[in-house]
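Heads up, what comes next is one protein chain in two forms, each shown on its own as structure tokens, labelled structure 1 and structure 2.
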Structure 1
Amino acid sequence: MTARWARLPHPEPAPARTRPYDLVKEFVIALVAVSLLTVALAAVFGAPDERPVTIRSWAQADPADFLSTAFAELDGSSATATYGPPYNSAADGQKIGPVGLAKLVGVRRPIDTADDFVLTPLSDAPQNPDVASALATYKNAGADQQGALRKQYADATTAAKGDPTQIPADTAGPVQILLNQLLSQAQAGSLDGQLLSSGGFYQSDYTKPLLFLNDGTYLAGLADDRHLSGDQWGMMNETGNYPGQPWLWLYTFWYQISPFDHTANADALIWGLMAVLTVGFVLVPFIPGVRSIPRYVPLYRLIWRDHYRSERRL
């Protein structure tokens, strides 16, 4: 039987309609069209990104905040100086319950704020005799004497109603001379390069300048003005009247509610919560009860209503 059917002639298939198609040509046309459209839209609307905030722009726009932050770095009271791992051992860092995640990682990026942000940039730059003498006096002083010199500057700042730019010249000791010179270097733009320098060929480590900027109030003020702070859903926002990243809503949502909106461990807790939610989402097909929800709540029939309607006709 099989051999008999095999000997029967097979009908030729009907010829299919064809037309020439140049894939490379289509790709080139699409690429050129999208490129021209991108350039045209960029020329009309511009980019949502603003100019980067630098140490120079900060020092020029708000010298009082720069001096106050530089003094906090020298005094060891800034946010970076008291942060803990991975920068120092001043605190335990972020935790999830009793587990100190940051402490487990350890100090991987050691930063001494007084040395890295103030003393080294001053030491590495050519200085006039007054600054060189003040630098030598401060570096050669003991811990107690350095504390007394910083207290002299702090008292002078208090007398100037909290504005270090209003301290009379040569009245607050060596610390005043050092910080005023650091301000001059920052306003000239050299401090950006000094903090960016990593000793390698590629200078792309922005850790120090970003930490220094973040320790002040200037950067945070700019973020608040542009609705980029954590309590403003800033993670999913964009500057200006541009749409942001709506897919980040779930992550930034947790920062708006208790207990995450008032705990120092918010980053670690939210990271842990999102990890649990992600694992749970992946395991939905294996969780009894949860995997049966589509069967009892048949929303899929609404989505595929055209398919089920055609089945009923058959």
Structure 2
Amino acid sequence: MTARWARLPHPEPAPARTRPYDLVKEFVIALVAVSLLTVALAAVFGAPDERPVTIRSWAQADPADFLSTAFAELDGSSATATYGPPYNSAADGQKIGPVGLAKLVGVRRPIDTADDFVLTPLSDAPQNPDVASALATYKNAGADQQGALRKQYADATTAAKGDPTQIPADTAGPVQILLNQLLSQAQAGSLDGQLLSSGGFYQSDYTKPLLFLNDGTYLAGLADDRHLSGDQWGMMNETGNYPGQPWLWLYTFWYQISPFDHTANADALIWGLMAVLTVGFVLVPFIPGVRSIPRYVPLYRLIWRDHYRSERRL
């Protein structure tokens, strides 16, 4: 049932009064005005373009973080290694109540962090006899033996107060040799290309290097310094004093409040909530209550004040 306030006859009668209107002229004036405003804003403020972090710059700036991350990739304890779908089956992924959409979709971009981030880049590069021997030892070892070799390195790191760069040379077994070699390759810049390469000449998929970078703390530290962390309204910001994507405010807002700021399923729950709100937004004309807000918030009286005034005069 259409309410009186929202009811309009069909076909609508021609308006009682009209005024001259030049649509093309209005558009051209608007286009010129917006173009000039854009030119001025761009000239005054420019745009941010901070150079990306490379595996090389990371390894050079923070070798300890690089080594710790590489060990976590080898150990299977990094964020990517324990992520679950779409990268691996180490976890079920997030759920909305009992529904796990991530698990339902499954592993569509398989990544084995030990192989993809550590062992394959080492195997694909020409190595000196020590590294080649360490690599063969590790790869030929059984799972238990590999675990023991990793533990040897982990214990040495603990003894070095958590800083793997301070482990004395040749004291932590094959894993130390492998990770130090990986660090050398990273610092020389070759690991950037190796992680990007997927067998072809042309490349455009940065999934592996970006996941590797995100597993470390170096990138997150830089982002935090630039007010880009999740608890700082995250990705709706951008570097420098630029507006970023303020239209994402509602999405990032949920991450700031309870229960979303401490639940393990925050992403899925927020996406579910945003999906509902988005459908609601699109279907506003059909939602009782919401569609009546305009008549309770009488901004329309301001918008059409001249019309109402002239009607009263008549």
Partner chain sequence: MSDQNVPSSVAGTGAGGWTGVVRRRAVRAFPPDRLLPDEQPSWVASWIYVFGVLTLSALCVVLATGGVLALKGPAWWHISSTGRYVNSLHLWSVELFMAFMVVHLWGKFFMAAWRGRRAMTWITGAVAFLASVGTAFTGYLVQQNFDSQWIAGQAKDGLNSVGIGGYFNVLDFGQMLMWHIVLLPLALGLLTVWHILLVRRRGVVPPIPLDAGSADEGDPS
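C-alpha atoms forming the largest set that superposes within 1.5 Å between two forms make up the rigid core. Residue numbering: structure 1 sequence, from 1. Fair warning: this is a prediction, and the values are worked out from it, not measured in the lab.
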Between structures 1 and 2, the form predicted together with the partner chain is number 2
*Superposing on the rigid core, does the Cα of L37 end up 2 Å or more away between the two structures?*
yes
Q. With the core lined up, does the C-alpha of A47 move 2 Å or more between the two structures?
A. yes
Superposing on the rigid core, is the CA of V28 displaced by 2 Å or more between the two structures? yes
V297: Cα shift between the two structures after core superposition, Å, came to 3.5
